[in-house]
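Just one chain follows, in the form predicted on its own, and it is written as structure tokens.
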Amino acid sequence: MTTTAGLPREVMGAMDARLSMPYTLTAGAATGVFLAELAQQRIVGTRCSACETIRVPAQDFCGDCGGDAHDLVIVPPSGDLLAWTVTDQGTVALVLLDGTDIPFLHQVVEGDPAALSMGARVTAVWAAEPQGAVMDLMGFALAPSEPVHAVEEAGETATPIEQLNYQMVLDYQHAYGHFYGSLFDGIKNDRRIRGVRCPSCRNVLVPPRAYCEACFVRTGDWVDVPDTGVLQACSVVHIEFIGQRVPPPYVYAEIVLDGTSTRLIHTVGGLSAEALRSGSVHPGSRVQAVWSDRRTGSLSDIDFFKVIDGPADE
């Protein structure tokens, strides 16, 4: 392990990242009817049996008094514009539909946002091809001459939609900060792993951090750390799951790099199925990083760690 002075020529600032997660939404009985009826261009709300508040979308319980909101009603597709916000992706608005007591959050899809005004009359804009989702009601458009309509009893309604499939996607930037930025700069540009040494206990910490969690003092010197080490703990992963980057089976491991006192989380690869079954990979196994041809400035620049023989570097 070599002590190095100074800082890297560049400190990487942030990483562009994306979370993408499929999940299902159970709509519930009342909201399931609301979604199903949109395909018929009908807006279904509920009237609370206790306080008589009428709201859209239809709900199983009243959000004001907690009473049963089991009386389904057909709400007119028109109302008054109460508030709005213009964004890069459209105009989000609160619309008080005729006969209701609680504003409905949706969007204004037609017309110039500059022409919007408090109390303006709007009417529903429907999708040409319903998909069984809230966007079957695309939104609302200005309709200055639209008269006020009354709420009606729902009568017979469509079979509720019980479940909706969603894909949540979140794009974000993860700020590295000085210490992680320095680590990832060294990995990307020089294929070196950098840590910091605590001036009190002399432990070398990887990933580097501002404070030693054992002594609670500021860390000191930057050091270069070998890409070899020892497995402290490991598990063979056989199950597939969302977001998995490596096809199973593979070894997920805690690795203590030579000369350090902390654990680095990575995978152990290049193993045969027989090696995985036999348990030949175990805590205490010596490993070394296998570097990728990619230079992303992240731990993925190490494809995996391979099992090796030989003593630890001093």
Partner chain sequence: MGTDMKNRAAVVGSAQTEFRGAWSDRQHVDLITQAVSQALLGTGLRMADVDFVIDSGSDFLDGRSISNCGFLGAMGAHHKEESRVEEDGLWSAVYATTKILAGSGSVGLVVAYSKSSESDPRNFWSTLAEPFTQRPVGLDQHSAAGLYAQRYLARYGIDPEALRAVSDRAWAAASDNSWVDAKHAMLADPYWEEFVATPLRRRDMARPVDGAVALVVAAEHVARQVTNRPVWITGMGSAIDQHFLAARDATSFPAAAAAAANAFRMSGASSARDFDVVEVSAGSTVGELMVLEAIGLAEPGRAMDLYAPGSAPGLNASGGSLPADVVMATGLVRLHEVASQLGGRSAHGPTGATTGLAHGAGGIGMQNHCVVTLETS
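Positions refer to the first chain, counted from 1. Everything numeric here is computed off the predicted structure, so don't read it as measured data.
Although not depicted, the form predicted in complex with its partner chain is the subject of the following passage.
- Mapping the unseen interface onto this chain, residue 222 falls outside it, with no heavy atom inside 4.5 Å of its partner chain in the predicted bound form.
- In the predicted bound form, at least one heavy atom of residue 25 sits within 4.5 Å of its partner chain.
- None of the heavy atoms of residue 47 is located within 4.5 Å of its partner chain in the predicted bound form.
- Looking at residue 130, you'd find every heavy atom of it more than 4.5 angstroms from its partner chain in the predicted bound form.
- Annotated contact segment (heavy atom within 4.5 Å of its partner chain in the predicted bound form): 212-220, selected among 121-129, 231-239, 212-220, 192-200.
- Between its partner chain and the residues 175, 141, 115, 150, the one pair within 4.5 Å by heavy atoms in the predicted bound form involves 175.
- Think of it this way: in the predicted bound form, its partner chain has a heavy atom of just one of 102, 158, 154, 109 within 4.5 Å, and the residue is 102.
- Along 160-175, a non-hydrogen atom within 4.5 Å of its partner chain in the predicted bound form is carried by 164, 166, 168, 170, 171, 172, 173, 174, 175, in order along the sequence.
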